[in-house]
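Before any questions on how it binds or moves, here is one chain, the form predicted alone, in structure tokens.
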């Protein structure tokens, strides 16, 4: 038994820190406690358990009385299930060119969901009604996939945040054209914390039809959820979830995590902390000569441009990714467990490498 513990400790050095992704962080202790509490005894499988039933009440407290949550395994699964249920076989989805569903899901919406993505280039990752209209046409043209859904990301892949008024304008514009609106909310908590508003302010209150609700990046072990806000926007959600291999047999362990995050303010505490650390990081980076911050730091991401050789040396000290290697752009992500020491250490390491 002692040897096994030693082996496990050798596999994982808990002192190693990084800024590659908020997925690198562990699980919040309160979420782990909720999973342990949900363990033991038998509960009905496939979502008929008491934890998933109670989760519905928690979800409605955030997203309105018509909202219903469908827990799934991961974010790509949530997006694919949601978009499949919102479209016909000939349907298309309008999204930003930088959208996660377009660049980071290995073609899953197209290959698994059978969808056509109609992309629009943006300066800051955010769609507008005018940008949507670049692809919102041809509904009666049988030679073109029919635009049926507008998908936006909150916050965006570039770390920018839609205001409630901006989301409202998109929803009204889409609905006037008989399109639905899907919001990819893998980091929705960070957006709400940044805006200092409840999540409902830019979802059900302004017309979003379906939401992919993130948990993993906010301190969960695994699991996301599709939240249907407008029941008329989807068809056969339960069947689509099963067909897409996203129906968890022991669903109580996903639902218990969301309850731990959402029933009180843990989701907000985690997001506020991550955002605060990103702002501290950005402030420190701005003091380093020769480093450029690329986008407004509105949530828990910092995008910067620095010399290629500096990045390669710095990556040996802290893990993070190139965003655009040819341009020298990098991304630093902060999480619920990022510390002041982590941030200040990265800034000082960056300063040292820039001096070399």
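Since the model is a prediction, treat every value here as computed from it, not as a measurement. Numbering follows the first chain given and starts at 1.
The following text describes the form predicted together with a small molecule, which does not appear among the structures shown.
Among the residues 153, 270, 203, 257, the one placing a heavy atom within 4.5 Å of the small molecule in the model of the complex is 153. Only one of 241, 217, 126, 173 lies close to the small molecule in the model of the complex, with a heavy atom inside 4.5 Å, and it is 217. The stretch among 73-81, 160-168, 274-282, 137-145 whose residues place heavy atoms within 4.5 Å of the small molecule in the model of the complex is 73-81. Contact annotation for residue 252: none of its heavy atoms lies within 4.5 Å of the small molecule in the model of the complex. Residue 209 falls outside the set of residues with a heavy atom inside 4.5 Å of the small molecule in the model of the complex. The small molecule is not drawn, but in the model of the complex it has no heavy atom within 4.5 Å of residue 339.
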